[in-house]
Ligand code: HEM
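Single chain ahead, by itself, as structure tokens, in the form predicted alone.
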């Protein structure tokens, strides 16, 4: 669950040679480490050190990126706020994501994963996102929010609709479909919030409803803001991590055999997956003053795109950066962000990823892309669909 803002992955200018995103990132790191996409456009930040500078300095590089008038905005979200608002909101929700509370979800994650894998291995070819990568995290976060099992499919639909249009929500006019999804989502959770006030339940949303702050209890709008954050961020990171792991198994089949022989390497394998194919290719910030980065003058109010995926392939930090090295150590990737907006639910995403990989290793001899499947790396949260061929153990 990432508290970094999703942003559409940058595309090479039309006049550039047709290359993949990682070749383009390398070009930027070597030739234009901080570059404006077009006149009055956002500035891309490609090198690890410069990305870290942006993520560390919330005073100069603000997360409050929307230009919408205050009266048109919903209640502040952790994703798009700065201190002191951010610190207050994060403190409130952090309790629910303490390592002990996340570890308590292990049995639920394992049971759900085994259930999904048992269905998958009855088929030779399956759609991975639909069969495993999406339903696993959505059930976990839905359970933590008290969503009833029969509502989970609708819950996922709202998440996909809102998340895939986050750019329009921030910077343009959201479509009628997005507005409808948001309205339905709010109505759903408002009903549950009222139920929890009458009859408390011990889950994440129930604890937030009961939380007292120096300003009293959280308002309906503040509670809805948390639900939106957890709904969207709680699903997409793990989905992207699972599809990235399968991409690695397809491109480097030796990794699957190696992990079967040495399952103690699953944890560093997950870290290298996060570095090699980051679930989010970029995040977004806006400058609060005139500043300079890597020798480039940047005006106040400029939109910044720290390229997470590029930073994680920076040869200045990672030896053999374009090679997949299971035992890479150290591995200072920024797949989960850094600074005050570092991923709130990194522990949950890692746990879900480790359990999913362990289940695949246990139930399968191999897993690879179906013929004709060639999803583009760098998609936000991973590909929306991915057909794979399974060989059951």
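Remember, predicted model here, so these are calculated numbers, not experimental data. Residue numbers count along the first chain shown, from 1.
What comes next is about the form predicted together with the ligand, which is not displayed.
None of 25-33, 332-340, 359-367, 44-52 except one has non-hydrogen atoms within 4.5 angstroms of the ligand in the model of the complex; the exception is 332-340.
Interface residue among 126, 141, 113, 204, judged by heavy atoms within 4.5 Å of the ligand in the model of the complex: 141. Think of it this way: in the model of the complex, the ligand has a heavy atom of just one of 209, 259, 298, 78 within 4.5 Å, and the residue is 78. Contact annotation: residue 90 falls within 4.5 Å of the ligand in the model of the complex, judged by heavy atom distances.
Interface residue remark: residue 274 is counted as part of the site for the ligand in the model of the complex, having a heavy atom within 4.5 Å. The ligand in the model of the complex is not approached by residue 326, whose heavy atoms all lie more than 4.5 angstroms from it. Looking at residue 355, you'd find every heavy atom of it more than 4.5 angstroms from the ligand in the model of the complex. Residues 229, 308 and 345 are all found to lie within 4.5 Å of the ligand in the model of the complex, as judged by heavy atom distances. Applying a 4.5 Å heavy atom cutoff to the ligand in the model of the complex picks out 279, 280, 283, 285 from 279-298, in order along the sequence.
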